[in-house]
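Following this are structure 1 and structure 2, which are two forms of one protein chain, each written alone as structure tokens.
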Structure 1
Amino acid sequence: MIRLTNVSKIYPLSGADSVTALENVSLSIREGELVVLKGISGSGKSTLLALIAAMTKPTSGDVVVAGRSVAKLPDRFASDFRRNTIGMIFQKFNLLGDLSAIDNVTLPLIPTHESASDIKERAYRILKSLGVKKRLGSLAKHLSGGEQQRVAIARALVGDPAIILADEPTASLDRKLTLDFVEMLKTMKQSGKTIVIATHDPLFFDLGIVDRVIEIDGGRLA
């Protein structure tokens, strides 16, 4: 489902300086696998997720996702690829503050041919299951951190993507909501979704549903 071959990502800085986020990484993830990326902040976990989601392009190497090379995918095609294939849970939520919770969730599906009522109903069901039923009409900027994270999770799931990428998905959740999220992961894995989670939460390192824990250290697979 996901294959990285000799992938490096170098970010240029001012002048001739640069920082290497990933160096010569090769990695394969099978369809239906749940993989956890482990590493300290700045180790390259988020960059790896961004490459899989075609949100950034590698400096060198190839990234193939669901049979499609996305390493050099033009931006206009990358957006369609993400909408049809990837559900992304961002560490900093990336919600639109002046839109309601339910509008943030339905927004990724607006370019599709589904009816507005069907989209709203799907978003409602997911938000209800995440415990945000009473805040559907509240602006995202007025939600607590935990509520914003749950809305971000709902947005990632609403399109029923084949691949779920999560960057520190439980960072703003309390213990109960974290365990609720784990239950959702179990359901998603049972339905055949491929899941990649970047986290430093030790809860995920020993979960029975996790197929592999991969450590990243200094941009390399440890």
Structure 2
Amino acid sequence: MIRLTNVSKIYPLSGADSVTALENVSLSIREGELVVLKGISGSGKSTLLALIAAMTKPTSGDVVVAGRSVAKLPDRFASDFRRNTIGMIFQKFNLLGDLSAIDNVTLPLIPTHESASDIKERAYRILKSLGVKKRLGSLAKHLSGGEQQRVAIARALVGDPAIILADEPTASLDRKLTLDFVEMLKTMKQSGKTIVIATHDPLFFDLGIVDRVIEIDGGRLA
């Protein structure tokens, strides 16, 4: 499902300086697998997720997702790939605070040809299943941390993607909400989605539903 071959990512800084976020990384993740990327902050976990999501291109190497080399995709196709194949849950959720919960969820599908009522209906169903039914019309900035996270998960699921990428999804949540998230993960895994979670939360390393833990250190696989 996901295969990285000798992938390096170097971010240029001002002048001749640069930062190597990933160095010669190769890994593969099978369809339906739940993989945890373990590593401290700055180890390269988020960059790895961004590469899988075609949000950035590798400096060298190849990234193949669902049979397509996303490293070489032109921007237009990379966008379509993200919309159709990837559901992304960001560390700080990245909701638009001035939009309602349901409008945040429908955001990825606005440019599509699906009717507004169909999209709303789908968003409603997902939010309902995640227990945010009563706060559909509330502005995202007025939601609690747990509610914001559920809205972010609903937004990742609304396009029915094959792959869910979550970047430090529990970093700003308390213990109870973290455990709630684990429950949601179980549901997602049962529905056959491939899930990659980048985290340094030890809770995830011993979870029964996790198929594999991959450790990253200084941009390299440990």
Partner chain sequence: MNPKLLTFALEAIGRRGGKNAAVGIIFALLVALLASVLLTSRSLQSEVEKTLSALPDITVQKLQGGRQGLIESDRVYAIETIPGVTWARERVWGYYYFQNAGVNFTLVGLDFFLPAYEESLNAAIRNFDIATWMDRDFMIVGEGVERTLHANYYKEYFNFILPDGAMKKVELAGTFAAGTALQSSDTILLPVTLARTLLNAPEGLATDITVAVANPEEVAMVATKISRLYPDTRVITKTDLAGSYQNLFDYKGGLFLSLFITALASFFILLLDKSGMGLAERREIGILRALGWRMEEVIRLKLLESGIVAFTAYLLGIFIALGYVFMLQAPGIVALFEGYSVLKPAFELPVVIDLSLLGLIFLATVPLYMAAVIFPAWRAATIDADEVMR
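Between two forms, the rigid core is the largest collection of C-alphas that superpose within 1.5 Å. All of these numbers come straight from a predicted model, not from anything done at the bench. Sequence positions of structure 1, starting at 1, serve as the residue numbers.
Legend: structure 1 corresponds to the form predicted on its own, while structure 2 does not. Residue displacement note: residue 64 has its CA displaced by under 2 Å between structure 1 and structure 2 (rigid core superposed). Residue 173: CA moves 2 Å or more between structure 1 and structure 2 after rigid-core fitting.
On a core-based overlay, residue 133 has a Cα shift of 2.4 Å between structure 1 and structure 2.
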